[in-house]
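Taking the form predicted alone, here's one chain by itself in C-alpha cells.
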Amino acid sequence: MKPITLIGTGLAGYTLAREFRKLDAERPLVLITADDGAFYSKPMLSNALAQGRDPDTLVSADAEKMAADLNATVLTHARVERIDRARRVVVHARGEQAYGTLVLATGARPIRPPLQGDAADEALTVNNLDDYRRFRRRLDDKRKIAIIGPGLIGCEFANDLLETGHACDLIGPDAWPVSTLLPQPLGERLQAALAERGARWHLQDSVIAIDHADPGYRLRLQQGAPIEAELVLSAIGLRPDTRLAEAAGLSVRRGIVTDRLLRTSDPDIHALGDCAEAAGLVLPFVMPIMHAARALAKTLAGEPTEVHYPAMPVVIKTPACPLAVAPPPRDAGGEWRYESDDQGIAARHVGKDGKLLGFALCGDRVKQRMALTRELPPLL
C-alpha cells in the first residue's frame, strides 16, 4: 500500500499524523520536512524571552522520537522541490517519495516589504524555530529594537522585549495596533499599555529604507524622523505558502483551495493549516488547525468527514494588556457596542437582528470570553 505522505512537520502536519494514528495504526505514514523535524509550539516563540526560555527548551520532541511515537518515517532536511502528480511522487532534496494520498501542510511565509538601503536584507523575520534561534543570537547584546509591523505578532514580540528591558520602536501604516482584528478603542488601549512600558509608536507611517549605521541600523521613514536601532524585526504578516501547489497546477487563491473535506483540485491531494483556504476561509491560528486535523484524519482513515469550525476566539499574548478577539465576518452588517471602565473594555459586534456576531475584550473583561463564545454562530 502506498503511504500517506505529508509535506510539513509543523503543528498542522504533526497534529494530523497524531490524529490519524488514533484511527489507523498500520498504514504507512511519511512526513517530509526541510528542517530538523523537531516538534515545538510555534505560538511560544513570541513570549519565550520573558519566560526565560532558550530556543532549544521549546522543543518537546526531536524527529527521531516523533517518528517512533507515530510509527512513521520522518525525512528531515529534505526540502521538497516539486510534486509529480502524473507519477504520484514527491521530489525532494534527498530523493523521491511515492504517495497514495498527499497532504500539504506547508504553512505560511513572511511577507517581505520592498525596502531600499544597504541593510534592507538584514531585517529579521521569525516564522519558525530556526528563525527564532537566529533572532535570539542576534539579540544577545542588543537593547534598541525596531519592529516593522504593529499587528498581532509585532505587538506580542514588543511586549516580550519590553518585559526584558529592551527598548522598542513599532512602525506601520495602521491607525492603531492590531487594526485587522481589533476595533479602535481596544487597539488604542493596547497602544497605551505598551507605551507605558516604553514602546515608541510610529503609526500611519512606513519604513522605506534600512541603512547600516553605528552601532546598528538607521531606518528611514516615509514621513517621520529616522529611527536608530541595533536590530530590526520585520513582522508585517504572513501569506500562505502555496508555491508547491501552484507549481503542481493545483487551484490557488489566497491559499491552496480545498473543499470541506480539505481536498484540493486533485482529489488525491489534501491541504490544511496556514497554507490552506478551506471553503473560502484562511484561518492562520491554532484552533482551526486542530479542528481541520481531526476531520481530515477521519477522512484519510476511510470516514469522509467535513471540517467544522465553531467560533474560535484568538487570545493575543500581550500581558501588558490582555486581549481576546473573535472578529465578525468581513461582510457582516451591524455595529460595535462598547462597555468600558478602568478594568477593561468589552466590545460586542451586533448584527441588525440583535444577535452577537463577534467580540473583542481587553483587561479584566477577557474573563467574559467563554460566555460570549457560546453566543456566537459557527464560522463554518
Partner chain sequence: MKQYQCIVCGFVYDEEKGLPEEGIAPGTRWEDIPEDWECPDCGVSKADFEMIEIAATN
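Numbering follows the first chain given and starts at 1. A quick note: this is a predicted structure, and the numbers were derived from the prediction, not measured.
Only in words, not in the display: the form predicted in complex with its partner chain, which the text now covers.
Heavy atoms within 4.5 Å of its partner chain in the predicted bound form map, among the stretches 24-32, 37-45, 348-356, 334-342, onto 37-45 alone. Within 4.5 Å of some heavy atom of its partner chain in the predicted bound form lies at least one heavy atom of residue 290. Although the partner is absent here, residue 92 is not a contact residue: none of its heavy atoms lies within 4.5 angstroms of its partner chain in the predicted bound form. Not displayed here, its partner chain is approached by residue 369 to within 4.5 Å at the level of heavy atoms in the predicted bound form. Its partner chain in the predicted bound form comes within 4.5 Å of no heavy atom belonging to residue 70.
Taken together, the three residues 2, 243 and 301 all stay farther than 4.5 Å from its partner chain in the predicted bound form, as judged by their closest heavy atom. In terms of contact with its partner chain in the predicted bound form, the residue from 279, 192, 209, 286 that brings a heavy atom within 4.5 Å is 286.
Scanning 88, 263, 202, 294 against its partner chain in the predicted bound form with a 4.5 Å heavy atom cut-off leaves one residue, 294.
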